[in-house]
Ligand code: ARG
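There is one chain below, alone, in structure tokens, taken in the form predicted on its own.
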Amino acid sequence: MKTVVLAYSGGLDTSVCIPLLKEQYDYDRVITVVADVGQPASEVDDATKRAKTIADEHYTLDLKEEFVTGYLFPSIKANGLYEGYVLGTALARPLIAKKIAEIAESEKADALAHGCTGKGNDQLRFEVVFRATGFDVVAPMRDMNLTREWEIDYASDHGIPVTVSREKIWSVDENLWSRSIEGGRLEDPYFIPPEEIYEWTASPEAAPDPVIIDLAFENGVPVALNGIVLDGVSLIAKLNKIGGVHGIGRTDAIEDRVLGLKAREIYEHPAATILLSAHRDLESLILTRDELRFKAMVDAAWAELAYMGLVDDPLYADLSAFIDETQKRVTGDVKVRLYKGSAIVVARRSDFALYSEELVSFGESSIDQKDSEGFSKYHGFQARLVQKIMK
């Protein structure tokens, strides 16, 4: 009996995959796996119920805590941005792929499957893990060159319940860290997104009066919100709600995919926006100028590997080791003002701060300002020589 294990989200693509794997690929048994990485509980429940009606066997895995400690906390330490926006979907894929591969091994399956297209990044993120396991990899959406319109008709003909329609054909992916929306008219970069696509964030224009929140960090990761110590999952979930009310964390960007295609991507990530802003600010108070300059390059390289799903690449481990070393001092408190879509750091403190009010103040004389005169004579020395020569 041929068995395939499918990464299942409950959406259109992966729901259509189940009968296709039997009809087109001759698999006798399709096992589906829903990974709970912080998407709404109702979505997890709906996907689980749907899978149990159309798949031969099903698993639902609660991966939220592992997702936070193993992927989101490292991203906070690395100020995880790709091309200026928050990494989100990319961070969850390697974890999901690894868990699915473990189930395939325990079920003695013949292959692993996903519902990704041949145009996006997720096929690469899943398959870099899948192919390392030795299982065959099946990708019906890509292999059959399917369109979402065709899938909607196919689902209707086969009695497969899906929530999208030709009028609202948005493709949505959620995890604890971010929510992405794409597809349909959103693919036109000149089309203004309707407010209805947003679920996590209020319109900034409709957001309430400002609030100031207090975040505590230890060794580069958040540990408390407004003086209350919280585990990572709870802290991020609560901050998503607070930030969302204030319209924090909307991104509408033109993104360079791994394959080289440019795509319009729309995201919501309230907690991520707030935490990354606070973390970067705290680093500026604590790390040396040379550390900050070099770490910016390391962070960028780390984020690109994470974006591509290459978390098992040796360089990823090397970069992470450097980042972890810098975070040993990144402990302190940051106050952030939330107001109509903006999250602005307004205060920060740390026992490891390199800032000295006494030394920097114009009202203090502990440093003899005359001592800097010799330095100023040599500052820009070579440039002055060039100017003299060129006259």
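From a predicted model like this one, the values you see are computed outputs, not experimental measurements. Sequential numbering from 1, following the sequence displayed.
One more form of this protein, predicted together with arginine, exists but is not displayed; see below.
Peer 1: Quick one: of 246, 279, 125, 269, which gets a non-hydrogen atom within 4.5 angstroms of arginine in the predicted complex?
Peer 2: If I apply the 4.5 Å criterion carefully, the residue I get is 125.
Peer 1: Would you mind picking the one in 85, 307, 200, 316 that has a heavy atom within 4.5 Å of arginine in the predicted complex?
Peer 2: Of the listed residues, the single hit is 307.
Peer 1: For the chain seen here without its partner, which of 185-193, 220-228, 259-267, 154-162 has a heavy atom within 4.5 Å of arginine in the predicted complex?
Peer 2: Heavy-atom contact with the partner occurs in 259-267.
Peer 1: Even though the partner isn't displayed, in the predicted complex is residue 320 close enough to arginine, meaning a heavy atom within 4.5 Å?
Peer 2: Close contact is absent here: in the predicted complex, residue 320 is far from arginine, nothing within 4.5 Å, heavy atoms only.
Peer 1: Are any of the heavy atoms in residue 173 no more than 4.5 Å from a heavy atom of arginine in the predicted complex?
Peer 2: So residue 173 counts as contacting arginine.
Peer 1: Looking in the predicted complex, any heavy atom of residue 92 within 4.5 Å of arginine?
Peer 2: No, residue 92 sits far enough from arginine in the predicted complex that none of its heavy atoms falls within 4.5 Å.
Peer 1: Closest heavy atom of residue 255 to arginine in the predicted complex, within 4.5 Å or not?
Peer 2: Within the cut-off, so yes.
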